[in-house]
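This document starts with one chain, in the form predicted on its own, laid out as structure tokens.
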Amino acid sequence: MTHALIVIDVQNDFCPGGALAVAGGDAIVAGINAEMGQAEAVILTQDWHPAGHSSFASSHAGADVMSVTQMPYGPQVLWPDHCIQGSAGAAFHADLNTNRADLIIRKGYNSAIDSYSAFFENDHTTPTGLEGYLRTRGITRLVIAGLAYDFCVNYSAVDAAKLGFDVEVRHDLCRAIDMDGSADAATRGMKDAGVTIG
């Protein structure tokens, strides 16, 4: 069985000091690098927003950061401006072993729709191409780690399970935003989808 490690959004803006910092986000980097040595394939995802992205609170007059609005594809959290294409905040954490990556998937580059999952944009139908890549390489088992546990890791893991992959999320190699209990809700949702929380 061929297995891949999928590393979600270990970028400067999600680490301490970043625009959308996740507490302890940098503390998982060494463990992720070590886990890369156990994987037959390594895929990194990179949040990659154009300036003025529709998921930014600054794009909606009077909207508060972390408020929720309705978009054509459903509810959308409005984030601070983050991971803007080409910015230092969008770069991978300096200690992440990016040389080990077989593939880097950029997501969130369509200004009209956000993309939490490594597999689909937030309309849940527009694919990123990752599924096809994994299928053509014969990869059936996925280990997922990264940031943030309750958003991009969660969405990626649930989508992967729905697509029929055998999925484990390494809880110790993730950190959560935990907005209004979102971390516990993510754990329940992933388990319900058949994801193993390791």
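The structure presented is a predicted model; accordingly, all values stated were derived computationally and were not measured. Residue numbers here begin at 1 and follow the sequence given.
Although not depicted, the form predicted in complex with a small molecule is the subject of the following passage.
Proximity to the small molecule in the predicted complex, single hit among 44, 152, 134, 167 (heavy atom within 4.5 Å): For this set of options, the contacting one is 152.
One residue of 173, 148, 142, 130 in contact with the small molecule, assessed in the predicted complex (non-hydrogen atom, 4.5 angstroms): It is 148.
Residue contact check: residue 119 to the small molecule in the predicted complex, 4.5 Å heavy atom: No, no contact at 4.5 Å.
Non-hydrogen atom contact residue 190 with the small molecule in the predicted complex at 4.5 angstroms: Close contact is absent here: in the predicted complex, residue 190 is far from the small molecule, nothing within 4.5 Å, heavy atoms only.
Exercise: residue 177 in contact with the small molecule in the predicted complex, heavy atom 4.5 Å: Looking in the predicted complex, residue contacts with the small molecule include residue 177, since a heavy atom lies within 4.5 Å.
Partner proximity in the predicted complex: residue 186 to the small molecule, non-hydrogen atom cutoff 4.5 Å: No, residue 186 is distant from the partner.
Listed range touching the small molecule, judged in the predicted complex by heavy atoms within 4.5 Å, from 158 to 166, 46 to 54, 134 to 142, 32 to 40: In short, 46 to 54.
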